[in-house]
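Coming up is one lone chain in C-alpha cells, specifically the form predicted on its own.
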Amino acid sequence: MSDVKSTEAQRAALFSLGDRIVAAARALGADVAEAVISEGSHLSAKVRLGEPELVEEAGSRSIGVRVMVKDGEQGYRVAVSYSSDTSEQGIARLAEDAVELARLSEPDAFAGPPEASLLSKESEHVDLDLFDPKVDGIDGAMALRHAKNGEAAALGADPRVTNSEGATFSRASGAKAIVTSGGFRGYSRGTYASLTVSPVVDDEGGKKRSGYHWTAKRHYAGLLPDEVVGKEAARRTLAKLGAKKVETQECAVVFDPDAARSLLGLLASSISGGAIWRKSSYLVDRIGTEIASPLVTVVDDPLLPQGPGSRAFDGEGLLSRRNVVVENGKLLMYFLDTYSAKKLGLASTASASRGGSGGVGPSTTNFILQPGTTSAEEIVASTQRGLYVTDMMGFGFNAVTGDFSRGASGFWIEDGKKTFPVSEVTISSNLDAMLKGIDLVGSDLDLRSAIASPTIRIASMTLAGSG
C-alpha cells in the first residue's frame, strides 16, 4: 500500500473511532463530547563499548475523551477519561465512566468548548511535512548501526576517550485524530529521530568527566552523520579535563544554545495561562511591559515545516497561528486555551494542547528566541571576563518570584578566550533581571527541539564558587 493510501486509511479509521466515542458519550447525556485517538510506535537502541545494551520497540493506541454536562446557570461539569481498549465494549465503558465522573464533579462557570465559529476546517489544515517514511521504516538493526557508528567515532577520536555511557538512537512515529461534538475533525501524523553519544574520560584524582552531543530531526535526511555526532561528543568531553572552581564573584555569563534553551523553558512556563490565572508566576499583569532586553524577540510558531513542535491546529481545533510572544523585550501575550482565556477575560491564542487522556491545557509549539547577527565566537571574544555555561544542574527556580539558582559547568572566559574548564559552581539571579540583562544574542540557532535559543550573554550574574 502506498504511503498516501496508508495515511488515508489510518485517517479514516481514527475518525471513525472518534465518531463512535463522541456518539456514545452524547447518547449518555453529555452536552459536549471530545475524543482524541492516538497511535504510534517507538524504537530505541542503545550500545555501550560496541555491544548492544538495549533494543526496545513498542506500539500503542489510546483513546481519551473529555465530556461536559451542562448544569443550568452554574456552568459545565467536566471530566476526562482514558483507555487503551478500542473495542465496542471498551468505548461504551469509557463513555460511561466519563459521563459519570462529570456528573460527580463541581460545575465550573468558566468551562466550556470553544465557540463553533472559531473551529477550523480540515480544508484549512496545511501540510507541514512532519512525516518521513524513512524514519518510520527504521528497524532495530539500523538503529543499532547508527548508535555503534556514533560511539565508535567518539572512542576513536582520541586515545584518552576510553569509556562511554553509551550511544542511543531512537525513532518515533505517531498519528493523532481529534473529533468533537462541536463539529471539529483534525488528523496529524509525524515522525522524529535522534542520536545521542555520551563518552567518558578519566581526569586527575580519579574523577570521571562525561559529555555528550546529539542530533534530532523529524526527517532522516536532516540528522547529522553518526561520525560527526561522535567526534563532537568526544571533543566536548575532552574539553572538560582539568575542570575547577572559580572564586565567588559577579560576572558576565554566556549560555550556549542548550543552556539558553532551558532558560527559555522557564519563561514559557511563566507565561502559561494556568500559571497566570492561578497567580503563580512573576509575570502576572505584565502584558505590555518590558520583561526582557530590547534584543529579545520570542516567537511561538507552530507552522514551521518539519518543526519539532509544529501542528496545523491546536488541541481544541483552532487554526494554528504564529504568535509573537515577546517583541523587542515587551511581553505581548500569554499562552491561552479556551478555559484560561475565559478565566482571564481574554481570547484563546490557539495554544491549547490535548494530551492522550483527553485533558486540555495551554502550551508552546516551536518556542524560539529569534537569532541575532553576532556569532557565538564573537560573543566569547567580546567578553572580557565571565563564565561560558554548557551544562546546568538542579531545578532552582521559583516561578512566583522569578528567583533563579542552579549548579553550572562550562569554561572560564578571560580576555575574550575560553581559558579553562569550570565545574561545581552555582549561578544565581532573578529571571526578570536575567532576561533584561541580555546584552548579546547569537546567530547560531539550531531547531533540534521545540524550545530553542541561540547563544546569549547576560551582562551580570552572581557566581558562587570557592572562597
Partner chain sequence: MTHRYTAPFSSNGSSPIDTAIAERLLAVALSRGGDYADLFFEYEVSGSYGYEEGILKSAGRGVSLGLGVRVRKGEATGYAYCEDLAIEAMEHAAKIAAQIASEGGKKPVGLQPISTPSRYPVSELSFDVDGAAKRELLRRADVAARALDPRITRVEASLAEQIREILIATSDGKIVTDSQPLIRFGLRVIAEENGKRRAGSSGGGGRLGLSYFEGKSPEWHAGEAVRQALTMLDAREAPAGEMEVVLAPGDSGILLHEAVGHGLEADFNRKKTSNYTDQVGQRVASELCTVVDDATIPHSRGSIDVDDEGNVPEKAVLIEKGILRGYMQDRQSSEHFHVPFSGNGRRESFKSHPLPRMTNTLLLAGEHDPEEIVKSVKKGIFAKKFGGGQVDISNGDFVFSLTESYLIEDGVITAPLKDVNLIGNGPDVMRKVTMLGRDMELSDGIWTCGKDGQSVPVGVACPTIKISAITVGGTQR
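Residue numbers count along the first chain shown, from 1. The model shown is predicted, which means the values in this text are computed figures rather than measured ones.
From this point on, the text means the form predicted together with the partner chain, which you will not see here.
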Counting only non-hydrogen atoms, choose the one of 411-419, 52-60, 24-32, 437-445 that falls within 4.5 Å of the partner chain in the predicted bound form.
52-60
Contact flag, A177 vs the partner chain in the predicted bound form, heavy atom cut 4.5 Å:
no
Residue-level contact is defined here as any heavy atom of the residue lying within 4.5 Å of the partner chain in the predicted bound form; does S281 satisfy this criterion?
yes
Heavy atom of S83 within 4.5 Å of the partner chain in the predicted bound form:
yes
Contact of S164 with the partner chain in the predicted bound form (heavy atom, 4.5 Å)
yes
Checked D256, D108, E290, D301 for heavy atoms within 4.5 Å of the partner chain in the predicted bound form; positive is D108
Just give me the single entry in D97, D136, D71, E232 that has a non-hydrogen atom within 4.5 angstroms of the partner chain in the predicted bound form.
D97
Only counting heavy atoms and a 4.5 Å limit, does any residue of 315-347 reach the partner chain in the predicted bound form, and if so which ones?
Y339, K343
